[in-house]
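The chain below stands alone and is given in structure tokens; this is the form predicted alone.
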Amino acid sequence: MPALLEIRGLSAGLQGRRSVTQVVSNVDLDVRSGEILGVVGESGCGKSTLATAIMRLLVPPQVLQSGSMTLRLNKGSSYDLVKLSESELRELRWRHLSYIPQGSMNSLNPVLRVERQMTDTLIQHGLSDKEARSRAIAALELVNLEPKILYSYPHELSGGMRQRVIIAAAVSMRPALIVADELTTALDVVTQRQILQELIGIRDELGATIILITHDMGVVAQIADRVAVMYAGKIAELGTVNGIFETPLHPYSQGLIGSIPRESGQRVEGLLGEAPSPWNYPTGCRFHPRCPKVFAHCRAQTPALQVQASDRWAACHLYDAEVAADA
């Protein structure tokens, strides 16, 4: 399956007076056309920074330090998102690349009706008022909302309905890539399940590719095709959802999956310690202070993300034959 988005050497951080504190470090990632890619990890691991870097929506003191992000569209056109000007990005966003922000149910303007908020962007992209309204209604129907919602103010809608409006706005121009950051946060489990099912429907209906940023391994297990596990600004493991949940390779992935309750009365094993701050990332493997399988080499050298099996990558010295032999 071809890569719709190819990320190479992406680094982003926080600009201080004298230096940049790196939050996302040298990330390589291919996002395949038509897939749902789950990006998971604990809070503070760099997931949301990765999402906003992809959208080029980093806000100072956040800065994009280096790397390339190549978006390849079906018609043969390609764009390096890092090199585009702001005006070029404005033309690309929503038409080909859209974003569902973290806390999106609170992202609507409280003093404007839904119709105005959904059609403004469409009109800016060249649609007539009539075409924009028609697109907005079609998008609302995709997320099981009635057209009359257009006449509502945000405060008249439930949290789940506001979330659906944001999703509808994001898909109204049928973009090739949708980046969704913590889509189901603060929703009850029933609404959460409905929205996840609608997200799958949107992928199937529009043929869109979705990057789903979440800390919830259960959400990823339900809808993702592949999973990228992030820790301290780096990709620790990458593979199919079945492969990672059945045979996780990286000790961090094993800890995350081990902390998921599977049956009544089961004792859940949590990860020891806390994720490091970007201001104090450890040397070598960044997971080594918490890793139950750590050995001396882990503290000195950073492991590379390498192919370990068919469609499986892991950044761990346990799978480096020469290093493991010396351990």
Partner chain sequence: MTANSSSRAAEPSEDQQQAGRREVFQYALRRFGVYLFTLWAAITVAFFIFRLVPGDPMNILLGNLTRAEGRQRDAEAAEAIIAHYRQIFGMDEPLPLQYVNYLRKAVLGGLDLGPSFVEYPAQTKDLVFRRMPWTIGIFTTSVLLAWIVGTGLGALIGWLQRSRLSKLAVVISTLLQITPVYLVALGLIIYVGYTWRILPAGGPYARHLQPEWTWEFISSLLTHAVLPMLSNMIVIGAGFTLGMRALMISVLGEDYLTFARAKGLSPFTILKDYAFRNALIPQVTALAIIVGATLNGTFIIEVLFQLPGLGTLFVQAMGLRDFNTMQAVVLFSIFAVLTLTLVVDLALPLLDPRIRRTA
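No experiment lies behind these values; they were computed from the predicted model shown. Positions refer to the first chain, counted from 1.
Just so you know, the form predicted in complex with its partner chain exists too; it's not on screen, but the next bit is about it.
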> Is there a heavy atom of R93 lying 4.5 Å or less from a heavy atom of its partner chain in the predicted complex?
Replying inline: yes
> Is there a heavy atom of L64 no more than 4.5 Å from a heavy atom of its partner chain in the predicted complex?
Replying inline: no
>> Whether R203 contacts its partner chain in the predicted complex should be assessed with a 4.5 Å heavy atom distance threshold; does it?
In response: no
> Would G207 count as a contact of its partner chain in the predicted complex, using a 4.5 angstroms cut-off between non-hydrogen atoms?
Replying inline: no
> Tell me, which of D129, E246, E146, D80 has a heavy atom within 4.5 angstroms of its partner chain in the predicted complex?
Replying inline: E146
>> To test your reading of this chain, name the stretch in 70-78, 218-226, 102-110, 237-245 whose heavy atoms come within 4.5 Å of its partner chain in the predicted complex.
In response: 102-110
> Within 4.5 Å of its partner chain in the predicted complex, do A3, T184 and R193 each have at least one heavy atom?
Replying inline: no
> Does anything in 135-167 come within 4.5 Å of its partner chain in the predicted complex by heavy atoms, and if so which residues, in order?
Replying inline: N144, E146, K148, I149, S152, Y153, H155, E156, M161, R164, I166
